[in-house]
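So this first bit is one chain, no partners, the form predicted alone, shown in structure tokens.
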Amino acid sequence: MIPLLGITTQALFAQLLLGLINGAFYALLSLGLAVIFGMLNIVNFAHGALYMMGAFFAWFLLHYFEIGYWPALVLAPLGVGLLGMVIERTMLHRLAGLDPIYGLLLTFGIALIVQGLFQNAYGASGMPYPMPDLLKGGQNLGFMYLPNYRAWVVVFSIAVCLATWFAIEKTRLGATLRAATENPELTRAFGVNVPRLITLTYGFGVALAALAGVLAAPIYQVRPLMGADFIIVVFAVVVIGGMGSIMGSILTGFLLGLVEGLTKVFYPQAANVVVFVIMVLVLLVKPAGLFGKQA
């Protein structure tokens, strides 16, 4: 029991775990958004719908082809990533060089269409997705019970986030991608196929969203509007971390998940707005975000 507050230690750690899990999804989703905006200057409002499609892709694989969770971790991001590449080549590519607001409006329209189609086909209620047998159960840590699957989500999310940061910031491929973003004409002069690189980058960004959807399916169930529940908070995370900042999105995602969990313990009424209050305060002090660079 925490003195003067009447809160048990077990309840505190349970909320911190819940916040860390939410933070893992915030980090993965905001990472995909940061990659797409930072590299391509596209505000991808369809990100939540593509996250939902990742969960549905895993559900389709299981119910129609009897393909389980572990193959779905690879197949769902690949499938949704390919769809994202088609979207970029057929629609977003036409907006290159225009104000980012046009990309935002286009992706917002795509999100509404996708969510509407899935809601008409499957309704608004959630459909269960079974947890893999290998990750069932949990560990008794003495002060709390730690479910294996939730621990896996946190560890796997951290690994994916760090691997993505390393690939973009520390490898030759990442350097080429940044060069193609900052000076496409000069990059073409070195024989780099810039349009193909842009398409692959967008596909990779939405594949991260789909991967988060597969991870979320056993926890939150598969619902047509599951992306709409997350996307506004995820955009706030990206703004706080700094638009286009890869490490900023990762750190801010996990940090705000923990802050949200603590808020549910000490002042539950503010849990749904604390992220946006922090966003306002950060923008007042540093408009470019905590890790962003002023344009």
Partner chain sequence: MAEADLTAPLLSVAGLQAFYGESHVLHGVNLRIFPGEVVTLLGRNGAGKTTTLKCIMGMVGKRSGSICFAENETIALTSDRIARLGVALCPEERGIFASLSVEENLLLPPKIAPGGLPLDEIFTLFPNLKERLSSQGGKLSGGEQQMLAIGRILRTGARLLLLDEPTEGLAPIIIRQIGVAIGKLKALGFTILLVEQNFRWASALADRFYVMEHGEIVESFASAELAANMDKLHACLGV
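Treat the numbers as computed from the prediction; the structure is a model and nothing was measured. Positions refer to the first chain, counted from 1.
Keep in mind the form predicted in complex with its partner chain is missing from the figure; the text below concerns it.
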Exercise for review: Counting only non-hydrogen atoms, choose the one of 192-200, 74-82, 128-136, 99-107 that falls within 4.5 Å of its partner chain in the predicted bound form.
Suggested key: 192-200
Point to revise | residue 93, heavy atom within 4.5 angstroms of its partner chain in the predicted bound form | key: no
Review point. So, in the predicted bound form, is residue 186 in contact with its partner chain at a 4.5 angstroms heavy atom limit?
Key: yes
Review point. Is residue 176 close to its partner chain in the predicted bound form, meaning a heavy atom pair under 4.5 Å apart or at it?
Key: yes
